[in-house]
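Just one chain follows, in the form predicted alone, and it is written as structure tokens.
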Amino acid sequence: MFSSRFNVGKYRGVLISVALFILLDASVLMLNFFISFQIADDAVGVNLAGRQRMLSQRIAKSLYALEGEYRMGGRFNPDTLQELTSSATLFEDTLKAFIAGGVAQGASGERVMLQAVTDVNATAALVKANQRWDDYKKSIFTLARTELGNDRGQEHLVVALKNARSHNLPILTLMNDFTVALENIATSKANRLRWIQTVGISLAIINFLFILFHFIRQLRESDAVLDAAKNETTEILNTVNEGLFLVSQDLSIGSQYSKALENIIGVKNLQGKSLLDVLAGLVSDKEAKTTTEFVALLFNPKVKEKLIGDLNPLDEVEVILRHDSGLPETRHLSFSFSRAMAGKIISHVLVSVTDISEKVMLERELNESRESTSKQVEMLSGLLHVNPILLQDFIASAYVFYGRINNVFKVSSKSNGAMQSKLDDAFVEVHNFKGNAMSLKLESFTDRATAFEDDIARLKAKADLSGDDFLSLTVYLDEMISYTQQIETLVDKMALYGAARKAPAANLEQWKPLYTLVDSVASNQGKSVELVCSGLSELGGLPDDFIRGLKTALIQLLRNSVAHGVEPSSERLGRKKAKVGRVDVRAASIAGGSIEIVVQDDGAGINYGVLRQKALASKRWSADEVEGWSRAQLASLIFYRDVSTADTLSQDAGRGVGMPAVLKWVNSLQGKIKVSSRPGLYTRFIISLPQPAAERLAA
């Protein structure tokens, strides 16, 4: 129970050895203590035995002194007689104490306890000495009781002297033997004590060596266990794919951390470094500071770890690592923090770092896939309302548009002016393409074309263009081509093409997108506009390029009419006009082999004042020239690039490139375009085009 409670199983051998060592030492000390007492008693006995020899001699000396005194004066000296009496009494008491045990007077007059002598030799000496002392002591004590001046004193003295001469020397010899016997006993005990001490010390040394050996072996075993545990820990740290390390309360990183950590965070030799310093090179200062505060909370025992888990500022963080080659690499890391307990004390915070770049990329790809699916669904829903033949025609025209844009970009241009000219040409192409997309309500194409236009406009604002500036435009172009290919694939899957080829759209059907365009632009502008077309269906049989160009021109004119011409309903009502504006498109073949296209709106007409200000602001003409211009000259400004009557730029108007594109197309066919307007009443465009040669021949 003790070992299980205190977990001392591995120290049992050492504890037993120490206990034996203490028991052995205690036993030796007790024996040493006991024998030392015996030796001390024996020393007293030896001393008193020696005194017995002295007393026997003193008794004899006193007797001879009494004899001399008596001869000299006929009487005994009282002092001598007293010395005889005291010596004999002391001898008698001491001898009895040696024989039977008892109290005797010590060398200093104290009372000492003598044990009965048991040694054979000593006992034999005592017995013999006592036998001789019995007769001897009677004569002495008889003499001692003799009164001074008593005549019988001499007789008692003679008897005592006779006994002295007979027993003194034997008693002396026996007391000497007795003393020697006691000395031998004491010597024997001293030898026994030395033997016990020698054996005890030897055993103690052996036991100490055993303890030392056992302790060293235990240390080696413990070291082996620690080494094995350390090797296992190192093996684990070298195997795991996560970055693991411990942080102390002062934010120092521990001596051991996983091998993957340095590769994950791109920092070497982390031992002893501050977590704050390491994070400073990976995340923002604010995130690093927040992280240190979060770690401080984990070291606070009053704070519940589970309650602050959501405060982890590095749950998912994007970092940029620098390789030895200097190339940057973007990674996404996830840090997790947990307390490391030593009993009930929070000793460290365990930090786990995981490279979740792949997971993030997969999530992004999944989101992109979802977005792509959503876009495809959106595209599908956007395509369902478009006539298949019109969609086919749009896709075909889109590839033509991409080809023209690509040709524009291929033109070598080194000067800034040449590059600006390339941007202008590209802008016209994109603008026309956007118009076609708007006419079919293909919003995804419209949005991409608008973004394309915005980027071209951004580049046009640059004072010093370079070839690299066109890279972003090629990216837009590639993206639009890719998107068009997706549409084409999607349409193929729907067998729209097949259906379209089997059921070509009627002539009237192909002009329906114009109505859609007018509705869309009017809706964007917050207006109500009605489109009335006539004669367009009679243009069937004309070449596709002609029809495609005419449609593009009509789109630009209609956008211009709805965005710039027709007023909002509230404004129209104020001018006593119909609430809904109107735009008429009329097409007719004219005798003599020409085609006339009229586009007229009943809007506010051309604002000549605004055009005059635009002309002055462009600084292309002097103020005197502009002031002298007629309305026809001012109206012609709408065909100049970058001149627009719109106050603000919008998705539908304000670029200043739509009308120049119309003029360019009309001129390419050697046609004419005429514009007339009356403020507050209308604006009219009349386009006269020679009928295509093939058509004329057919007619």
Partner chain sequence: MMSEQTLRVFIDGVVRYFDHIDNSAVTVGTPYLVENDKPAAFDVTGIIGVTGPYRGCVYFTAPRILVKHLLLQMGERDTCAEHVFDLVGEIANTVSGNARSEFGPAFNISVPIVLEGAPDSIYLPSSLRSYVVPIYWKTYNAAVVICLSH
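Here the structure is a predicted model, which means the values were calculated and not measured. Positions refer to the first chain, counted from 1.
Below: the form predicted in complex with its partner chain, not depicted.
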Inset, instruction - Would you kindly say which of 198, 474, 86, 271 lies with a heavy atom within 4.5 Å of its partner chain in the predicted complex? - result: 474
Inset, instruction - Have a look at 299, 141, 470, 294 for me and say which one sits with a heavy atom within 4.5 Å of its partner chain in the predicted complex. - result: 470
Legend entry - Heavy atom of each of 414, 422 and 479 within 4.5 Å of its partner chain in the predicted complex: yes
Legend entry - Option from 93-101, 210-218, 612-620, 460-468 whose residues, in the predicted complex, bring a heavy atom within 4.5 Å of its partner chain: 460-468
Inset, instruction - Using the partner position in the predicted complex, report whether residue 410 sits within 4.5 Å of its partner chain, counting heavy atoms only. - result: yes
Legend entry - Proximity of residue 241 to its partner chain in the predicted complex, heavy atoms at 4.5 Å: no
Inset, instruction - Indicate whether residue 320 is a 4.5 Å heavy atom neighbour of its partner chain in the predicted complex. - result: yes
Inset, instruction - Flag residue 372 as yes or no: does it have a non-hydrogen atom within 4.5 angstroms of any non-hydrogen atom of its partner chain in the predicted complex? - result: no
